[in-house]
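One chain comes next, on its own, written out as structure tokens in the form predicted on its own.
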Amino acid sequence: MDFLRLDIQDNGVGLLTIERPEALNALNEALLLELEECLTEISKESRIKVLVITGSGRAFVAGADIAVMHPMGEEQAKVFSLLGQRTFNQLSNLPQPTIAAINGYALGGGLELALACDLRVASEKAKLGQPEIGLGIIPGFGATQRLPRLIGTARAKELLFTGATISAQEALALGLVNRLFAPDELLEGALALAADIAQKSAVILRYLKTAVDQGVATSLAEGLAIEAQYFGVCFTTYDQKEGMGAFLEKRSPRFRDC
């Protein structure tokens, strides 16, 4: 791969690193297409129970490549937007839980990539924002939809309307990130969180992620019906019998790697 490196650990954690440090890992068409192809393979990779995504160098992803976007016309820009949305939807729809380890700048398309992950952890020195308004455009890779769903409409609009870059501490207060780590402890912290999740049942994690994602996109009544459906399905699995059996026998469960 030209822009990505995938490392799979024995504990079921996959680490995907974006490697375009000379451009602060800025997103162009080639990188997005490579990411799309890589995510397809990850979705079928049974060895990966949890995926961590980070960037090389001093940026997570500093945004989409402005030099590439500057000469675009309306149709080209729409196609580029749809490519980014398709790729990030693929990330969001991965069966495995995903964690963005934000090691530096996460701006524009970089923050949109992080928003497509299930969880976000950040370096205490990270900077986050959607600065597109200052470029005379709006976000095109999902921020106008995912950001309000995560932190609320009014707070999202403030970030989008002002184009402000905020600190990791402000992002934590807004609920934009889950945890902060010292810069030299970020990757270790993200991988430890992933390892903790990876100890759980892979099949139940997938049901849980699906129930949450489907439920928040609908009404409470419909969401509760989705929950009941997947709750029932859990009782068809080996891991439900093993988990409850282990509890009753006062021992640690031994879930299947599936």
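Model, not experiment: these values are computed from the prediction. Start at 1 and count along the sequence shown; that's the residue number.
This next part talks about the form predicted in complex with a small molecule, which is not shown.
Novice: Going by heavy atom distances of 4.5 angstroms or less, which of L187, I137, L119, L174 would be at the interface with the small molecule in the predicted complex?
Specialist: Contact check passes for I137.
Novice: The small molecule isn't shown here, but in the predicted complex which of M69, C38, I197, V212 has a heavy atom within 4.5 Å of it?
Specialist: Going through each option in turn, the one that passes is M69.
Novice: Report the stretch among 179-187, 166-174, 90-98, 129-137 that approaches the small molecule in the predicted complex to within 4.5 Å, counting heavy atoms only.
Specialist: So the stretch in question is 129-137.
Novice: Heavy atoms within 4.5 Å of the small molecule in the predicted complex: does D65 have any?
Specialist: So D65 counts as contacting the small molecule.
Novice: Given that the small molecule is not shown alongside this chain, does E249 nevertheless sit within 4.5 Å of it in the predicted complex, heavy atom to heavy atom?
Specialist: E249: no, not in contact with the small molecule in the predicted complex.
Novice: Although the partner isn't part of this model, could you tell me whether C234 comes within 4.5 Å of the small molecule in the predicted complex, counting any heavy atom of the residue?
Specialist: Residue-level check for C234: no, no contact with the small molecule.
Novice: Residue-level question: is L107 within 4.5 Å of the small molecule in the predicted complex, judged on heavy atoms?
Specialist: Close contact exists here: in the predicted complex, L107 approaches the small molecule to within 4.5 Å, heavy atoms only.
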